[in-house]
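Only one chain comes next, encoded as structure tokens, the form predicted on its own.
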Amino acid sequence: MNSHDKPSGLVGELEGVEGLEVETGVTLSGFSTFRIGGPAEFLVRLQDRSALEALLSAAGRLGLPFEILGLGSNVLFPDEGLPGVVARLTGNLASFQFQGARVVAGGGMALAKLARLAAERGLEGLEALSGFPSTVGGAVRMNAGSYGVEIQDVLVETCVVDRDGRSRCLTVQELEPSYRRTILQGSGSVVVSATFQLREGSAEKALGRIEELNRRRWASLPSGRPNVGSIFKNPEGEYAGRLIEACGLKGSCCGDAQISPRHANVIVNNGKAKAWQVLELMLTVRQAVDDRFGAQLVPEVELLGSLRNRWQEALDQASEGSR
């Protein structure tokens, strides 16, 4: 092969790097529980930290946008797809190791699986998070919470790789966790592992608690239609679903996107919903709740690519209009 035959761009930059796989033009709807989204310019599966560091370095040199994809349960991909890199953590980055009452898990591991494995060993602490459809990395990044328990309650530390390829570990205090938020959001840092401190207990009790909470969770959410769970964060001292329902928006549609008749803070895909239709419903909801209650709802679902910009543009226009 002469120099003119060598692959260019990201594929060329990563030629010979072990522990990763690059695909182009993969449709992202299959990676989202919303079943919405166009193609990724590059979909990269990573098996270890060195592969991640090589990818971040290459993406940085080429000026490519970079997103980490977990289980796709809290994201909305744009209809036109995403430019740049969408990366998934697999292999060693999705592994786990128990050390007494502690467990170290890779950022790509499913949190629900980790919670069940811990329960089977008689380790308690993760049961309330067992129904949270997220990877460990995604849960740490947003300080996921459910049934009164948050990741910060059991997290000891997390190790991340920054966009410049630098690795560092942060204690739970250094993450500055708050409701559905840590300093990792918007930082570009990738969670590669997390250490949790659990407590010795009863496997029977822990597994029973998981089954009980999962029954409660599924009973409260719509089933049979693709969705990503809660669309908006709860305002302090309130429930977003109650405010949306009070505005008479339950069941409202935009194309095949619908505010669930069962739970007002969930939007479902009734078949062929588009991302822009979901966004339109979100903007309608936000404006209605603001007008009636003076509460500014903040998305819990992560808007990616052009959707993020369109949401901000709409907010800026609304702000200008109110002056």
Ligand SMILES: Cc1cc2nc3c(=O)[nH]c(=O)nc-3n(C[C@H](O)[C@H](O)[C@H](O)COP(=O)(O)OP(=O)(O)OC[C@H]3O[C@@H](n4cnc5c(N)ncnc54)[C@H](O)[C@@H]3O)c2cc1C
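Quantities reported herein were computed from a predicted structural model and do not represent experimental measurements. The first residue of the sequence shown is number 1, and the count goes up from there.
From this point on, the text means the form predicted in complex with the named molecule, which you will not see here.
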Candidate stretches 240 to 248, 94 to 102, 185 to 193, 208 to 216 - the one whose heavy atoms come within 4.5 Å of the named molecule in the model of the complex: 185 to 193
Check all three, 234, 291 and 315, heavy atom within 4.5 Å of the named molecule in the model of the complex: no
Partner proximity in the model of the complex: residue 302 to the named molecule, non-hydrogen atom cutoff 4.5 Å: yes
Partner contact for residue 181 in the model of the complex: the named molecule, 4.5 angstroms, heavy atom: no
Residue 284, heavy atom within 4.5 angstroms of the named molecule in the model of the complex: no
The named molecule contact in the model of the complex: residue 41, any heavy atom under 4.5 Å: no
One residue of 146, 197, 202, 252 in contact with the named molecule, assessed in the model of the complex (non-hydrogen atom, 4.5 angstroms): 146
Heavy atom within 4.5 Å of the named molecule in the model of the complex - the one residue of 228, 112, 154, 82 that qualifies: 228
Stretch 107 to 144: residues contacting the named molecule in the model of the complex, 4.5 Å heavy atom cut-off: 107, 132, 133, 134, 135, 137, 138, 139, 141, 142, 144
